[in-house]
Structures are given as structure tokens and as C-alpha cells.
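Take a look at this one chain, the form predicted on its own, written out in C-alpha cells.
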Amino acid sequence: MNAIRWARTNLFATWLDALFTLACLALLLRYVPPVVEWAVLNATWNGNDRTDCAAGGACWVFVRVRFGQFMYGLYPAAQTWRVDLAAILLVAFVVPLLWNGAPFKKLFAFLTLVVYPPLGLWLLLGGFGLPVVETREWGGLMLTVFMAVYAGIGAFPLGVLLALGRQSRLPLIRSLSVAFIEFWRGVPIIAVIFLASMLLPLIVPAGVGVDRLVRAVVGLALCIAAYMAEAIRGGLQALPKGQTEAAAAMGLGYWKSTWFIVLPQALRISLPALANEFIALLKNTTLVLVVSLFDLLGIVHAALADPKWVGLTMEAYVFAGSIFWFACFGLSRWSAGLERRLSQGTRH
């Protein structure tokens, strides 16, 4: 009865709702069965090469044979345990932050934001007792996650500072912040990555080499920071002026009132927009192909150039697209749940 009541309320409340519901059901019945038949029922899952694949269904043998390359790129097989360990540590540090009611959240926040960046870089790159793996051998999903995580870690604090700078009463700081934000927002991200790869070596001192992966991460971080700054600025403007006036009346200075009163509320308000920017950052990592970095989509595209697997475009892009979709959907659901938890007990 609850299901019938829910359907009547949400799907058939009016004649227009009923019309749209029936139209969506008709589309699903028209297109879902052929997709399931191709992707599951008639698909080939086991085998070693293309000759093992049956006609009329997906050839997932291609994904199974190339799975290691899709995950790690050209990373040495004997060292992939380092990538797995870096991924396990990232999940172990981040999950308690996402779990409502988890203890020691401040400790895990410190581990995620301060300890993990150098630790993860050491595990992936090597040195200090580990064999060095050059970044030209990185690729696949590990490269996508690395760029999203490290560009996000760099972009968020910069975005906060830019948002505060744009709200500053000092004309110079405000003008510089506005100029920075508008410049990076006005340039296509693919052009930013390309120009960062070309121009960054000219800025650093002579004799100092800048890895192309570092250039791409810096370019992504600068661009996304400008968008995050505007999202945070919207949260700052949504706060009533009485908040800062009450903080001043209590004798709090600018930085204390900003850190303890203004920013927590502004970040809560701007959380949906910030989550949207991080999802955009995750998808924009695919643009690094222009500087010859092979992320998940790039390595999948490169695998299709192998004569053994030419023509399996559908399987390749369905696999890569599914990973991106599940990652982005998970981030959106998490941000929605976090927004609900943070909004409990607030006045409207």
C-alpha cells in the first residue's frame, strides 16, 4: 500500500504527471531491453583475444585483458602495490570524514589534508627507499584520481582566500582577487592546461625542471580555484551582516570571526556548488590528453589503436563512462547527504 500511495503521489498526481510517467516507461521499455541484451545476455566475458568474442554482444574480453593498463597505465607491474596502498590509505582517511558520528574526525581531517598529500606522492613517485617511477609511466584511473585529489587540495584553500579577498575592504587585495578570478574563469580549461605546460617552465628559475604532470595539476587547480571562489563568495554574501556584527561586539577580530563564525556557515551554504565544482574537476581531468598524459579516458582511447582491438569503441567508452558516472553520482549523493546533516538544527 505504501508503494501504491507513493506512486499516486509522485508519479500520477495530475494528468500531466501521469502522461510524463507513461512516456518515460515507454522509452525505458523501448531502449533498456536491447541494451541489457547487448551488454549482459549476449556479451562475451571470458577469453584471451577478439576471436573469442561472439557476434551480437559486447566483447568485455577487451576490458578484462586490458584492465591492468586501464587502472595503472604503464606503471611497473611489480610496483602496483604502491598504487593500491595509496588508494587504501586515501579511503581509510576519507571515509571517517564522510561517516556521520565517526570519532576522531579532526585527526582524520589532519591525516587527509596534511599527512596524505606528501605520503601519497612518495608512494606513487618513489625515492627514499622506493624505486622511482617516472610520471610518464603513470596513467589510467590512478592518474585520474591523482589529478582530481591533488588539484582539489590545491584549489580549495586558494578558492577560500580568493573569495575572502574579493570581499575585502582593501582596494588592492580586492582588485587583485577579482582580476585573478575573472582571468581564469574566462579562459577555457583545455587552454589553461596547454598554456601551463608551455609557460610554467619559463616562470621557474633557470635549471629547475617542472614535470608535465605538475604543470597540468597546477593549471587545473588555478582554474577550479576561481570557480570555487565564486561559489564560496555566494555563501559569504548569503550570510546576514548581523553575524559579523555580533562577532565584533564579542571582541573577535577579523580572522577569528572569519575562521570560527563566517567561514563554517558560508561553506555550508556553498556546499552544493563546491561539490559540483569538484565533480567538474574530476571530469576535466580527461583534458590532459592534450599534453600527452593518459588518464583513464586517454588510456582507453590509446588501447583502441591496437589492431587486435580496433572497432570495440562502444565497449571501451561504456567502461570508462560507467566509472566516471558512478564516481560523480557517488559524490553528488554524498554531498546531498552532508548538506542535509549540516542543515539540521539551523534556522530558516
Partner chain sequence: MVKAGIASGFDFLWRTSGIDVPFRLIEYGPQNTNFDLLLVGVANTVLVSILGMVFATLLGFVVGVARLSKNWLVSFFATTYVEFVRNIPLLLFVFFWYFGVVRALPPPRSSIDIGGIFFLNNRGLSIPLPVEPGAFAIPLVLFAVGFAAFLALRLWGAKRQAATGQPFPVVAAALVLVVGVPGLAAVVAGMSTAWSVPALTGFNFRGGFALIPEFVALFFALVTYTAGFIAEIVRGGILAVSKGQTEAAASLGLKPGQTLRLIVVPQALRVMVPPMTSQYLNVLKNSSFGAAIAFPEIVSVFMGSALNNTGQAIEIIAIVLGIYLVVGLAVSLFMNWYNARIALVTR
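Positions refer to the first chain, counted from 1. What you see is a predicted model, and the numbers here were worked out from it, not measured in a lab. What we label the rigid core is the largest C-alpha set whose atoms superpose within 1.5 Å from one form to the other.
Another form exists, predicted in complex with its partner chain; not displayed. Remarks below refer to it.
- For the chain shown alone, Phe104 is not a contact residue for its partner chain in the predicted bound form, no non-hydrogen atom being within 4.5 angstroms.
- Using a 4.5 Å cutoff between non-hydrogen atoms, Arg333 counts as a contact of its partner chain in the predicted bound form.
- At the 4.5 Å threshold, heavy atoms of Val61 stay clear of its partner chain in the predicted bound form, well away from it.
- Remark: Val187 counts among the residues lining its partner chain in the predicted bound form, judged by a heavy atom distance of 4.5 Å or less.
- The three residues Tyr72, Arg82 and Phe128 each lack any heavy atom within 4.5 Å of its partner chain in the predicted bound form.
- Residue-level contacts in the predicted bound form: of Val310, Val35, Met314, Ala54, one residue has a heavy atom within 4.5 Å of its partner chain, and it is Met314.
- Of the listed positions (Phe156, Phe278, Tyr116, Tyr227), a single one reaches within 4.5 angstroms of its partner chain by any non-hydrogen atom in the predicted bound form, namely Tyr227.
- Partner contacts here mean any heavy atom within 4.5 Å of its partner chain in the predicted bound form, and among 261-269, 177-185, 120-128, 241-249 they occur only in 177-185.
- Shown without its partner, the chain has Phe324, Trp325, Cys328, Phe329, Ser332, Arg333 in segment 324-338 as residues with a non-hydrogen atom within 4.5 angstroms of its partner chain in the predicted bound form.
- In the core-superposed comparison between this form and the one not shown, the C-alpha atom of Phe326 has shifted by less than 2 angstroms.
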